[in-house]
Ligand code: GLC
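This document opens with one chain alone, in C-alpha cells, the form predicted alone.
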Amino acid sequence: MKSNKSIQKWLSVLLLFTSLVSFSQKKIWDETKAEKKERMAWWTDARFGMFIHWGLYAQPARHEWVKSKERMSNEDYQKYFDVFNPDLFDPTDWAKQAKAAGMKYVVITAKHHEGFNLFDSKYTDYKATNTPYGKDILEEWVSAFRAEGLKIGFYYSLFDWHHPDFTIDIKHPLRYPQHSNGPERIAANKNPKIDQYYKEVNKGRDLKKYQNYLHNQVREILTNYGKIDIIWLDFSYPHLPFGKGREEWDSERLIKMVRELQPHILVNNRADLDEYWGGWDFITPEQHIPESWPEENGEKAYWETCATFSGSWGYYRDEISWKTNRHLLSMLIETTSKGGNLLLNVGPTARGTFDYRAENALEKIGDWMRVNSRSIYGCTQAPKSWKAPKGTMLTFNAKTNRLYIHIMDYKTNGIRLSNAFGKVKYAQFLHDASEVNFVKYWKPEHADDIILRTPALKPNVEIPVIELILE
C-alpha cells in the first residue's frame, strides 16, 4: 500500500513537471524545427518582396495614419469612402512591375487601421464593393498576381478606427486630447481624468464584439481567396497605457484558426505571442536593418525588415524624402547578408496607379536584379571564415557554393580577400560574366590572402558584384 502511494506521488510529480514544461513551451501547434525550415524554404530563397499599403487614405494623400494624426471622426472621414473610385486600377500592371523588379512575393493591406476593407466582407458595409468603384479589389488583385507567379500575402490590421465596438485608446483618432501619436510622448502615469475620459468615451462599446468581427474577417480572407502564402497581422501595443495585445485580440485562438485554415501559411510576429511556438514565424523590424542576424532563445531567427521608398507607407503626394537607388539596393544586399528578407513598400494613388517615383525606383531595382539576382536569391550570410573586405558586403549560396562580393565603395587598386588562397576556383563579375583575375597576396605574413584585380573603369552597374566559384 505504501509502495502504491509512493508510485502515485511520483506519478503526480511527473505529471506536474510535464505540464509545467508544456506550459513553458506554450505551443500553438505541433511542428518540428525541420518541418518549419521546409515550410519557410521558398521565403528564405526569395529574399525580396513587395508591400502594398492602399486604402481610403490615398485620397487625402498625406500619410496612412491621417485619420488618427488629424483626429478625424468617422463622419469626417466618410467623404473619402463616398468618392473612392480607383478607375485606373490595373492589378496586372502592378504584378508585372513587382515581378520585373525581382520581387517574389507581395503583401497587400486587406484592411488597414482606418477599418476600410478592400474585400467583400459579409460582416461590414465599410468595403470597396459599396464605394463608387463597386468591386472586390482583393479578388482582382489575387488573380492578377497569381497569374504572374508571385506568392500572395494579406495584411490585416488588428485594430480598427471605424468599427463601433473597437474601444477608443491611445492610438485612436478620438483618444484623450493630450495624447499624441508617438508612444514615447504618452504619459504612462495613472491620471484619474484620463481614466474617466476613456471610461466615458467607451460607454456602449463592446470589445468582445469587435474581437469576433476580427476573427470572422480573418477567416473570410483565408477562406475566400484560395491558397494564401503569408498573413501579416498588425500590431499589438500592450506595453502602452490603455494599449491592446493578446487578450484583446484573443491571439492564441486567432493563430490556431489561421494554422488550421492554411497550415502552410507564414505568420508575422505582431499578435503578441512572442513566447509561443507556432505563434509566429518571422521577426519584423520596421524601417531599419539590425546590426546582426536577430536571435530568439540563442538561435538565429527568420526575419524580414519592412521599409518604404519614402517616409510614408500610404500614398503621400508631397513627400520628398525618397531613398536613392543605391540606398534601396544596399538595403536589399545588407538584409540578405544577414540572413533576412526585405519587404519594400509601394503606396498606390487613389486612382489605382503607382506613384511615378515608385515606378522609377522599381525599374532601377529591376535593372540591377536582372543581372545580379543570383547574389540575392537563395543566398544568406557568408560563413564566418569569410570576412568582408572594407567597403563590401558578402552573401553566400550554400547550394551552389558561391560567394558574392558586393562592391559598395569601388576602388581601382583591387580587393584583398583574407584567407582565400586555394579556396577560389574562378572569379567573375556577375553582371556580364567577365573574368576577374586574382593573385596571391605578396606579403609573406598574409600569404593566405588573395587580391582580386578590379579594372580601373568601374563597371556600368550601380553596385558591382564579383561572383566567386569556390573550390
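Just count from 1 along the sequence shown to find any residue number. Because the structure is a prediction, the values reported are computed rather than measured.
Absent from the display: the form predicted together with this ligand. The rest refers to it.
- Exactly one listed residue, out of Tyr176, Phe145, Trp303, Trp313, brings a non-hydrogen atom to within 4.5 Å of this ligand in the predicted complex: Trp313.
- Between the options Arg219, Lys99, Arg270, His162, the residue in contact with this ligand in the predicted complex by a heavy atom within 4.5 angstroms is Arg270.
- In summary, the region of this chain contacting this ligand in the predicted complex, judged by heavy atoms within 4.5 Å and restricted to 406-414, 438-446, 58-66, 421-429, corresponds to 58-66.
- Using a 4.5 angstroms threshold between heavy atoms, Glu334 stays clear of this ligand in the predicted complex.
- In the predicted complex, Tyr155 approaches this ligand with a heavy atom inside 4.5 Å.
- This ligand is not shown here, and in the predicted complex it never comes within 4.5 Å of any heavy atom of Glu139.
- Interface residue remark: Trp94 is not counted as part of the site for this ligand in the predicted complex, having no heavy atom within 4.5 Å.
- Although this ligand is not shown here, in the predicted complex the stretch 322-355 places no heavy atom of any residue within 4.5 Å of it.
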